[in-house]
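Take a look at this single chain in structure tokens; it is the form predicted on its own.
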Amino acid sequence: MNTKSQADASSGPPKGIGPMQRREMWLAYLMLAPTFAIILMIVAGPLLANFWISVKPVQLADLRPPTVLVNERVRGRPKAPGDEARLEYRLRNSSQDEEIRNVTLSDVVPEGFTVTSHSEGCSLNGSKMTCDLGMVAPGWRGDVELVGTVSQAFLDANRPERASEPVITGDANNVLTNFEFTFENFSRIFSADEFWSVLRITFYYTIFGTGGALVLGLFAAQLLNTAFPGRGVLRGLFLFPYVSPVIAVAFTWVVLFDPFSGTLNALLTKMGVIADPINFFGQRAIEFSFLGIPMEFPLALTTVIAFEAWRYFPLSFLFILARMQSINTDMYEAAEMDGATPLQQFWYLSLPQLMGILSVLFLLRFIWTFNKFDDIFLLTGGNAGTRTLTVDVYEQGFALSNLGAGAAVAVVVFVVLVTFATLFIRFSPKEEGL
């Protein structure tokens, strides 16, 4: 008996799942299916649409499929019953590139209007008019006209031609929904010299903006981790850059750094630090020489990076401070008794405990900064060497009306961030003990 029990125990639990567990599993999947569908529509829907547009030569005007536009109006100005009038339909193809096939126009003749003649290709069935226009060429314009007499009912009505809306039908190729794909957008952006410059500026802006926000947040957390009078007030003030509306703080920085009426330029000029005002947001670079080597300092980009670090360091400050306050203070007391300096305590005790939260913050801030658009657009508009990939998406899609190229740049942003996040999560440092 004991031998049998030991054999059963050594064999372990039965493999696989039984019929009851299988039914419960499928029931759980069925109950979660609506949630999965909503998440897929919210997350995957726009992403897939962006990939779809990136492989199509889509212009901004292509968002509306080609159609025949119609404008209906009464000509002749009849004033008494029996006067002649013309009901005119002015038509045009909305597309300059695509033809529209099997075009038909249908409408209801206004009450009190008796048709005596009509354009070729039109027919009347009671009060309903139908016109077969066939194929219309790109950019086509034409007219359909009904000639007739009016009655008092027509004259008494307010805009009788608006009583019914004309209906246009037709078939046209839609570049947005057809299954013709091309890599022309990617070829165009990768072959442009400015793309690689924009990519380099984006990495420069992201790395230094993220690093600056983390360093400032680390110093602020270290400063406010000790107890002193007024610490709560300072913690609240430190959150001001992050909670303030971006348009307000961006406008404030533009005013402070203005070369003509800015406070900073006025102070530096009065103190004799500079001879002429500096256009911090409008000057691309400052040339200088180091050991006889001519170099350039990216002024506008550095100023934008400084704004990025100042605006977003409070988020890092909050997370780092919360982690610092959860660290056991006994080891700091022991290190202090052993003669460790504050710098040694920070380097050998605090920093290893903070590596986990610093890694998470760096990943999040890198992704958010890489995708940042509003800060740069409000400060410089992407000029003076501050054009990043997100600004390039806007420029391609809306300034140049090339949605396909803008979507292609957005795909590049997605691929870069997914690659970075995957590698970072794989090789990022962990806290000690994890």
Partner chain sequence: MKPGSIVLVALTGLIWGVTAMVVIGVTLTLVTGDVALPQASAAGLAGLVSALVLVWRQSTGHAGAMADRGLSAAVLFVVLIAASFAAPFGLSLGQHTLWQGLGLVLFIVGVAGANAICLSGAQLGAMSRYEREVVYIRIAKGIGFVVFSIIVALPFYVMIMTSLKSQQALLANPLDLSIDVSQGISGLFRSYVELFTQFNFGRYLMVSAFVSVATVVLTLLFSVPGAYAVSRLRFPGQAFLARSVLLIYMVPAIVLVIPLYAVFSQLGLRNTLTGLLIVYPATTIPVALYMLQGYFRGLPSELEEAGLMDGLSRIGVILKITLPLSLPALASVSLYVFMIAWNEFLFAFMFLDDPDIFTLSRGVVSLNSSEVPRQHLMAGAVIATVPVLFIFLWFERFLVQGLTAGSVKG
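Numbering follows the first chain given and starts at 1. Because the structure is a prediction, the values reported are computed rather than measured. Think of the rigid core as the biggest set of C-alphas that the two forms share within 1.5 Å after superposition.
Another form, the form predicted in complex with its partner chain, is not on view; read the next lines as being about it.
- Looking at 170-178, 188-196, 79-87, 289-297, the stretch with residues near its partner chain in the model of the complex, meaning non-hydrogen atoms within 4.5 angstroms, turns out to be 170-178.
- Not one of 275, 285 and 366 comes within 4.5 Å of its partner chain in the model of the complex, counting any heavy atom.
- Using a 4.5 Å cutoff between non-hydrogen atoms, residue 69 does not count as a contact of its partner chain in the model of the complex.
- Within this chain, residue 145 is remote from the site of its partner chain in the model of the complex, having no heavy atom within 4.5 Å.
- Using a 4.5 Å cutoff between non-hydrogen atoms, residue 383 does not count as a contact of its partner chain in the model of the complex.
- Remark: residue 417 counts among the residues lining its partner chain in the model of the complex, judged by a heavy atom distance of 4.5 Å or less.
- Shown without its partner, this chain lists 327, 135, 334, 255 as candidates; in the model of the complex, only 255 has a non-hydrogen atom within 4.5 angstroms of its partner chain.
- Put simply, of 262, 166, 211, 160 only one has a heavy atom within 4.5 Å of its partner chain in the model of the complex, and it is 262.
- Contacts to its partner chain in the model of the complex (heavy atom within 4.5 Å) from stretch 150-167: none.
- Remark: with the core as the superposition reference, the CA shift of residue 66 between this form and the one not shown reaches 2 Å or more.
- With a cut-off of 2 Å and the rigid core superposed, residue 383 has a Cα displacement that falls short of the cut-off between this form and the one not shown.
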